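Next comes just one chain, in structure tokens: the form predicted alone.
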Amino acid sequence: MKIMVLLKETADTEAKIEIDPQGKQLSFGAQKPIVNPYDEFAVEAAVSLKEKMGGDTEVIAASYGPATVKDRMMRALAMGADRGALVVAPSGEALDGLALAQVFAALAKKEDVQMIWCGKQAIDDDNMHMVPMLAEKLGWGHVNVVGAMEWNGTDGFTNLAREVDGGQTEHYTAKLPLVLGANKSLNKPRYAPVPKVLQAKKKPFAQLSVEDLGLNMETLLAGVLTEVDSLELPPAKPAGRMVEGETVEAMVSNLVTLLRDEAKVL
């Protein structure tokens, strides 16, 4: 069996977010980007399934983006993925989620995979549409926000627990082929020791173009349905104010006045 895990390069959650001069995308600047954290739960799910299945099960780490994304994909290979496949994006050419779903669907067909994992969403644009879009393009079933799983040992899952609103959980049984989105409650991504990191650099890694997948970049771009008009940082929080007064009673009175006359909350 072949399992593919999709990875996305995102800004470091601890980095200061910057916007490029055109105001349409994030700028990593001097900060080193990371793999979308939710995608690491997906990698752990795929690798743990491989360990349960044994045999000739293979995990393929896949992504789309500039050639530098390979550096981020090494994390998945160090965690246990067998090889990498990066569809290299032409400089400056941005695809939306639907076009990316077409790319990954073509890659899945080329690799003849039976299961695809990705994070439930990306932390940068916060979208959650890759799982259903990709499943639709492939004609497969899908379950997103997976928080627990039980493999049936042959061709599917006896339980896929999906967290929904109101603190409730939905439970599914499902057979392959499937597209699955991992939630952080699913597992704890394993630590990759230095020897595994060094071994990852020696694992097979392919760089492809969309044409290698039987697609055409001009056609993909013509089909892009969404466009980022502009990005802007949220307004800076105003500085705090000290409530003055010679006594506690006077301070409370001044606070009430501010809440009533300025904040308009009383």
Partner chain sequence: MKVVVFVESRDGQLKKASLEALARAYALSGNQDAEVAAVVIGEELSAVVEALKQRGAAKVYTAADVQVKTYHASLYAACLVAAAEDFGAEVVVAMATPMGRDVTARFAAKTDSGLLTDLVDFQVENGVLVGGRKPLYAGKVIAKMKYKGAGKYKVASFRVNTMSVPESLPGAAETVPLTLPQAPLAADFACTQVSSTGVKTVDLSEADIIISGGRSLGGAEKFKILRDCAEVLGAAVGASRAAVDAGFASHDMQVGQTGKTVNPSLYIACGISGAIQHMAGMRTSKIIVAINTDPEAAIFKVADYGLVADLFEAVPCLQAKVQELKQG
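Positions refer to the first chain, counted from 1. By rigid core we mean the largest C-alpha set that fits within 1.5 Å across both forms. The structure presented is a predicted model; accordingly, all values stated were derived computationally and were not measured.
One more form of this protein exists, namely the form predicted in complex with its partner chain; it is left out here, but the text below deals with it.
Of the candidate stretches 233-241, 193-201, 65-73, 52-60, only 233-241 has residues whose heavy atoms lie within 4.5 Å of its partner chain in the model of the complex.
Though its partner chain is absent from this view, in the model of the complex it lies within 4.5 Å of a heavy atom of just one residue from L178, A78, A108, L86, which is L178.
Not displayed here, its partner chain is approached by V228 to within 4.5 Å at the level of heavy atoms in the model of the complex. When its partner chain is considered in the model of the complex, E170 lines it closely, a heavy atom lying within 4.5 Å. Although the partner is absent here, A174 is a contact residue: one of its heavy atoms lies within 4.5 angstroms of its partner chain in the model of the complex.
Contact check for S253: a non-hydrogen atom falls within 4.5 Å of its partner chain in the model of the complex. In the core-superposed comparison between this form and the one not shown, G55 has its Cα shifted by less than 2 Å. Superposition of the core reveals a Cα shift of 2 Å or more for R241 between this form and the one not shown. If you fit the rigid core between this form and the one not shown, you'll see the Cα of D20 move by 2 angstroms or more.
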